[in-house]
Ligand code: HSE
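Below sits a lone chain in structure tokens, taken as the form predicted on its own.
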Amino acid sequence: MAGYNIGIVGLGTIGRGVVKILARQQSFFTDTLGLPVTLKRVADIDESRFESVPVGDAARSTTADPILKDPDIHIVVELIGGTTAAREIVLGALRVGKHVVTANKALIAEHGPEIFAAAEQNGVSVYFEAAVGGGMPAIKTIREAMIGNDITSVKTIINGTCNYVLTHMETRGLPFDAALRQAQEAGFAEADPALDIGGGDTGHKVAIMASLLSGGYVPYGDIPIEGITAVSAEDIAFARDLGYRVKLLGIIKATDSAHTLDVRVHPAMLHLDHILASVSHEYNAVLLEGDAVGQILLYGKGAGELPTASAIISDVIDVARNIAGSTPVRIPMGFYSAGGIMKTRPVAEVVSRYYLRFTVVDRPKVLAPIAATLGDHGISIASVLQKEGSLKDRVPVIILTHAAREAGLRAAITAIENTDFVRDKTQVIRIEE
């Protein structure tokens, strides 16, 4: 029975989880699956981690070089994150004929074409299930389970920090800053949460999925991204009154052009009956729609030590099975090509329904010119809500629109904000059906 040796680079939270699951499942992999997977080497810049993780007899080093130079290592698991040292380690492993498993979403999203080209040139594979959705099998579902479908739409809540914050803003009436602090205290937000709350983390994951769906490459930098920092507790309360809930969505939709996708990340209002509206706290979900199978929902914890480690182990076993079956590149690495760059639809061309919150002076004859200006730009009003303001000289006016093109909506808002009765920047949140 052939053995399959692993080298892990990075023994942080996810690395510890991988070692734990590997040790726990070792006999199952060997005796039941016939895949004796062995942890041969580990590397981490912090030597103290070697004592806190059950690495057994694995050789230890503070750099990845011994792993890359060991001819008996078949699979390199990269878990250090970032796009500098991690990129060199991954490319170095591929160039010497080693398969790579990674959870590094930024690396795949920003350097995918280079990495997959190196894998294809050297006859090895790159697996990255853990980069999107943690323990949820989003990548496997897209490139294997739904291979008989044209996937026309993906809507995803895929950042636990943002979902936790928005959930607690709604359920506890907290302002954004207080909800974020609570997420940090609970361990669901980083000390520096900018990538999460700014939408970048979701953007990396959406870029990966969009590239796989298109068979080309959707550059991360081309995706319109808005975070949740501008969402107020007031907007969340108004949304609830209107029968909606605010979520940070990653959206991928097919367009009429074979070379263009509608890809974006932004807060959106979902009707309370929408299946994604019930995804709360730190949980994530991916809603895929295929022409043959219809809708499929993946739901679970999108981050954390063991959920993410579970996806890493799944990839390791996939690679070992491929090697055992003499098909080391069972899934060709020729996708994600820089030669097949996909265009993303400009935000100005997006057609959506909208939630608008105008802050206006508390006086008669204000609503009529707002409605007229919207109408002049082709924006049809679906409903209006006006409540007493907390300040004496201003009140919020809430308008839900019918479907409209964003360019027209933005032009209308600019015109309305140039009037003498508007007292603050207009809040705009798209409504997803």
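Sequential numbering from 1, following the sequence displayed. Since the model is a prediction, treat every value here as computed from it, not as a measurement.
Beyond what is shown, the protein has a form predicted in complex with this ligand; the following relates to that form.
Could you tell me which of 349 to 357, 301 to 309, 241 to 249, 336 to 344 sits within 4.5 Å of this ligand in the model of the complex, going by non-hydrogen atoms?
Answer to the contact question: 301 to 309.
Though only this chain appears here, would D150 touch this ligand in the model of the complex if you measure heavy atom gaps against 4.5 Å?
No, D150 sits far enough from this ligand in the model of the complex that none of its heavy atoms falls within 4.5 Å.
Any non-hydrogen atom of T161 within 4.5 angstroms of this ligand in the model of the complex:
T161 belongs to the contact set for this ligand.
With a 4.5 Å heavy atom cut-off, would you call F188 a contact of this ligand in the model of the complex?
F188: contacts this ligand in the model of the complex.
In the model of the complex, D196 touching this ligand (heavy atom, 4.5 Å)
Judged by the heavy-atom cut-off of 4.5 Å, D196 is in contact with this ligand in the model of the complex.
Consider the chain as shown here, without its partner, and state which of K105, K98, K155, R264 has a heavy atom within 4.5 Å of this ligand in the model of the complex.
If I apply the 4.5 Å criterion carefully, the residue I get is K105.
Which of the residues spanning 195 to 229 lie within 4.5 Å of this ligand in the model of the complex, based on heavy atoms?
D196, D201, K205, in sequence order.
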